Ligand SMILES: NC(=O)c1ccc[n+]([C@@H]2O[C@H](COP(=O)([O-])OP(=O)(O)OC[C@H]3O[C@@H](n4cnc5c(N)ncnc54)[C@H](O)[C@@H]3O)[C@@H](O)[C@H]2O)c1
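A single chain comes next, written as structure tokens; it is the form predicted alone.
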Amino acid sequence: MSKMEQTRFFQVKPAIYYGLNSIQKLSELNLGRVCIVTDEGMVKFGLLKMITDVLDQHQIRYHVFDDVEPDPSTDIVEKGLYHILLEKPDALIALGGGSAIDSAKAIIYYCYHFKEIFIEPALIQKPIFIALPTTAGTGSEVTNYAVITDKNNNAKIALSDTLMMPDIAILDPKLIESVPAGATAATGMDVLTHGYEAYVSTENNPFSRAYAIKAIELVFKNLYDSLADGSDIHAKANMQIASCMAGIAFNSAGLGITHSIAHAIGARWHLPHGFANAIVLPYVIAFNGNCPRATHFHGRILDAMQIGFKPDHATAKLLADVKALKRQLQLPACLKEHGIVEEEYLASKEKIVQQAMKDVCTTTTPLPPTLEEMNKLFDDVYYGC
């Protein structure tokens, strides 16, 4: 049966405000008591003050939970859950990168289900959820996914629920103006990975493909410029939009084994998620080139960006362009080059391969790998090829 003969669903949410000084929109939202979920870096670098200045100016009450750490753990979520149960805010603002937004999502998720024990679901009031991303990478501001780390088992916990979808996303390029070059590179490659994997996913659709292909185009046109010139607000704004569009795409279409592998190695060696994706992506593009359907989509990506290629060489050309971008961004080609010790890799390999095989992102990859193929992919990711 053709997919067009089935009833399918696509929804664009949340409401998105973007552009310079769009954080002023906070003053128009009729907010009552607010909880801000963020991390110490946002306090240190003055980004939290950009938000609290708006709230202070309009006499909006707030309190701050700034204990979020990179790759947020179940411990942090538990602490944040206690915080909002005590404070009872009617609005939750997540300020930061994917870690802050994912933490806020998980807090909302567990808060709702905790209240279900005592209150009828129809009577539970969920706080208005506002996401202000400070990196152009995860797209978490427009997805109902969150990834939390279980430190006891060195594993990533993927949550998915419409409860966690933000109600409002605010993309103000001033919030990403001071992001360091290394983080800009890694988060930008995260955007590219989201766009690519959503585009070739087995669950892609006309709407997700439109968002994904535009996100990919914007990354190739703006990522290097946003890194090379920190004051290029135009390039940074375009990367914010790319991140948001890629998030909308994969929220509908799902992802692939780049993410499955990145989740496993990220949990094992505490690698930032975008950085892990950047290492893995070229090897997965090459692997997907063994799938005729994926190869067809590789050609459509190149066509959309008006990049010429020889017939039957779409995968090779796309792969070469992605590798060239990585070199421009000075990102390592493999885990060994990054400095992961071989003995550690070999000792961990069996467990992380199994984690990747079971990862939810593997279910929508265009060419599901066998266990043997996944082992080979991990070796490529570690040693390079």
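Each residue number is its position in the shown sequence, starting from 1. Only a predicted model underlies this, so the values are computations on that prediction, with no experimental measurement involved.
The same protein has a further form, the form predicted together with the named molecule, not shown here; the description that follows concerns it.
Can all three of 39, 47 and 187 be found with a heavy atom no more than 4.5 Å from the named molecule in the predicted bound form? So, yes: the whole triplet contacts the named molecule.
Using a 4.5 Å cut on heavy atoms, which of 166, 266, 72, 80 is close to the named molecule in the predicted bound form? Of the listed residues, the single hit is 72.
Answer with one of 252, 201, 135, 222: the residue that has a non-hydrogen atom within 4.5 Å of the named molecule in the predicted bound form. Exactly one listed residue reaches within 4.5 Å, namely 135.
Flag residue 154 as yes or no: does it have a non-hydrogen atom within 4.5 angstroms of any non-hydrogen atom of the named molecule in the predicted bound form? No, no contact at 4.5 Å.
Decide whether residue 97 counts as a contact residue for the named molecule in the predicted bound form under a heavy atom distance cut-off of 4.5 Å. Yes, residue 97 lies within 4.5 Å of the named molecule in the predicted bound form.
Residue 180 within 4.5 Å of the named molecule in the predicted bound form, heavy atoms: Yes, residue 180 sits close enough to the named molecule in the predicted bound form that at least one of its heavy atoms falls within 4.5 Å.
Taking the shortest heavy atom distance, is residue 147 within 4.5 Å of the named molecule in the predicted bound form? It does: once the named molecule is placed as it appears in the predicted bound form, residue 147 has a heavy atom within 4.5 Å of it.
Contact segment among 287 to 295, 310 to 318, 97 to 105, 201 to 209, judged by heavy atoms lying within 4.5 Å of the named molecule in the predicted bound form: Result of the contact check: 97 to 105.
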